[in-house]
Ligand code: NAP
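Okay, so here's just one chain, in C-alpha cells, the form predicted alone.
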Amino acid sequence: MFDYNAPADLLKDRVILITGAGDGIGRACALSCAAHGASVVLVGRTLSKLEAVYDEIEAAGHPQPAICPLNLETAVEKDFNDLADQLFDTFGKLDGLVHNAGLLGPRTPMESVKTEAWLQLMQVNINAPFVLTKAMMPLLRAAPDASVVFVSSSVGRKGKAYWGPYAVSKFALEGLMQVFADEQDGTSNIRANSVNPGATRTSMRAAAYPGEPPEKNPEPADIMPVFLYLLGPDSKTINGQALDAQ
C-alpha cells in the first residue's frame, strides 16, 4: 500500500469535489476526506446513493457536505458551468477535484465494440473530466494550493487485449493529466496527478473479473492514503506524476 499517514486535520477548511461519490472508491474518498476535515462536494448520477453518503458524513459529525446530482453521460457544458457557479457562491474556491466516475464498457475484442458504446464511454471517462476541469479552473485558482486527481488504471498505462474503450479512455486521461500538469507548472498553484487504484473490492472490479473472489482484494477505504496525500498540502510539489495506490 502507498505509505502515508495522514494527520487528522489534513484537509481542514478544504473543499473537495468527487465524481462518482455514491459508490466504491468515490464513496470511500468522500468519507475519508470528510473525516480529515474537508467539506466534500458529492457528484454522481444516483441521488439516493449520494444522500446515503451525505447522511453517513453528517452522522459522523464531519463538515457538512454538498450534494450535486449530475449525469456525466448527458451533461452539457452549461451544466458544468452552472455547477461551478453554484460552488463559487457557496464556497468561493475548490481545493481538490477527484475525477473518479467511470464506465467499464464492453470487454470484447476492439472490432466487436459497438460505436455507440465507444462514444458513451468516452463521454463519461474522458470528455466529462475535460469539461469539468475547464469549468472549475477559476475555483481551483482561488485556492492556495489546488490538487486535481485523475483516477486511472493499469490498462491506461499499458494496453491489454479486450479492455477496449476503457483502456483507451484511461490512456487519454493520463494524457489529459500530463498536458494539464505541464501547463500549470510554474504558472499557477494547481497540480495534477493520476492514481492507479489497483485491484480493489468494487462492483466494477467484480464485473471485470467475475471469477475472482472479491475478498482477495483490499476495500476501497484501504487505498485512501494516496488520495489523502495528493489532496493535502504535503504533495504541493508533486505534479504530473502517475502514482499507484498499491
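All values reported here derive from a predicted model rather than from experimental measurement. The first residue of the sequence shown is number 1, and the count goes up from there.
Heads up, the form predicted in complex with the named molecule isn't pictured, but that's what we're talking about next.
- Proximity of S39, A143 and G232 to the named molecule in the predicted complex is absent: no residue of the three has a non-hydrogen atom within 4.5 angstroms.
- Contact annotation: A181 falls outside 4.5 Å of the named molecule in the predicted complex, judged by heavy atom distances.
- At a distance threshold of 4.5 angstroms between non-hydrogen atoms, R205 is in contact with the named molecule in the predicted complex.
- Interface membership of L103, defined by any non-hydrogen atom within 4.5 Å of the named molecule in the predicted complex, is confirmed.
- At a distance threshold of 4.5 angstroms between non-hydrogen atoms, L72 is in contact with the named molecule in the predicted complex.
- Here the chain stands alone, but in the predicted complex its contact with the named molecule, taken as any heavy atom within 4.5 Å, falls in 43-51 among 43-51, 30-38, 59-67, 181-189.
- Distance criterion of 4.5 Å from any heavy atom to the named molecule in the predicted complex singles out V151 from the list A167, L132, I126, V151.
- Taking a 4.5 Å heavy atom cutoff to the named molecule in the predicted complex, the contacting residues in 194-218 are N196, P197, G198, A199, T200, T202, S203, M204, R205.
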